[in-house]
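Okay, so here's just one chain, in structure tokens, the form predicted on its own.
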Amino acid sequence: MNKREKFVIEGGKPLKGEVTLCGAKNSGFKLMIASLYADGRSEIRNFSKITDTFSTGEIIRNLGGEVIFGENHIVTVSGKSLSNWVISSGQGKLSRAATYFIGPFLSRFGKAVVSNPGGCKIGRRPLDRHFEGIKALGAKIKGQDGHYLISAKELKGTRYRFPKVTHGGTDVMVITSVLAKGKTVLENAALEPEIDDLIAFLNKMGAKIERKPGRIITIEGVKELKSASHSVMPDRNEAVTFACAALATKGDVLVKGADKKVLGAFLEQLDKVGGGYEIDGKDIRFYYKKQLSPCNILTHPYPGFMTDWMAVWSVLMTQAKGESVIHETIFENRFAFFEQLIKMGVKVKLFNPRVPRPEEVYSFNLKDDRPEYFHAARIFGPATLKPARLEIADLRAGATLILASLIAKGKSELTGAELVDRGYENLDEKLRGLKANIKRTE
């Protein structure tokens, strides 16, 4: 990104009002890619106007596919004119979605070239969990200098067990196996609701996918898929961001579209710390009612506490009275944002807890770990945060620094506002609607 923008925030005011959630960041882009199986135009409603969505659209257009961003958060996608099967390194850096294209590429061309994915720098994204499953379907993969050539005359159904639970790996295997000949059984598959959103869309296209008890997904291969219409589920990460912002600023915010079914682990922790919330159908009101208590959390694949919630929850715990511990198990290096928070007055001690069976506890590949990486943080509160001039390093860190700046009394300046646009649609505008004093400048 060439253009650099910054947020200027005057903090110290409680957030009040109501806000409506956008479509899930972790769902919309992959529905667009799945649409490439069909010649007809698939209609995806409630897509989020974020960089990840537009980057996926740019990649599809560069490949010859059709993408039309319409009004009312509707995008139509068709793979009829798809003419290229190569995701270059430049395109790969736009998004972490490169491997998601393999299924449509193999279906149409019998081959695919993808590069290492981009996205936030929060740890390695182990592609072995994608490629091993694809090879089990009968594909051949050759890799060199960050590029991978995948080829297959015909994919055949298989039984494949993920060695570790993987959201992205499950996505890729579901998308790739829908046209494989015969039956595919995925064991130890991820349970994330965004995967269910993908499955629902593919089934509307004519796929035969079913979840079974015990982290099992079965896919009966079909001969073709047709276009379909689908509405993207609301973004649970956005819901938690606004919830933490309301509580941390001692405010009162109604989050419209917040679904208790996919926020269970978060609401369970709110009960422990004394955060106020009221559920009304698929809307939840979050409000400050008393001094927050500390608690300990362990990030974990769904239905556990989501790793993407960890950073904003860390800021919330700076306002709790006592010592809170956060143990991150999904990514090996996701605590870089604490360096910035310390400049704002956060009191934290990073450490590595003793883990008897790390291979079972940690989702990342242990070979990617480094001595300088920390996997747990001990946060001491309540802390009086002070305004600062800081640099946003990635999407979730950006939301975290915004939240901290809303708490701190005085003016903060956060450079790198464009990184927040990867996962939040008009976050500054929505915050202004909640009485926040925040503006964006170049």
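Start at 1 with the first residue shown and count on from there. Since the model is a prediction, treat every value here as computed from it, not as a measurement.
Keep in mind that the form predicted together with a small molecule is missing from the display, and what follows is about it.
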| query | finding |
| --- | --- |
| Which of 389-397, 38-46, 409-417, 53-61 sits within 4.5 Å of the small molecule in the predicted bound form, heavy atom basis | 389-397 |
| The single option of 327, 129, 230, 73 touching the small molecule in the predicted bound form, heavy atom within 4.5 Å | 129 |
| Option touching the small molecule, based on a heavy atom within 4.5 Å in the predicted bound form, out of 201, 335, 364, 288 | 364 |
| Partner proximity in the predicted bound form: residue 168 to the small molecule, non-hydrogen atom cutoff 4.5 Å | yes |
| Residue 307, heavy atom within 4.5 angstroms of the small molecule in the predicted bound form | yes |
| Residue 331, heavy atom within 4.5 angstroms of the small molecule in the predicted bound form | yes |
| Contact flag, residue 192 vs the small molecule in the predicted bound form, heavy atom cut 4.5 Å | yes |
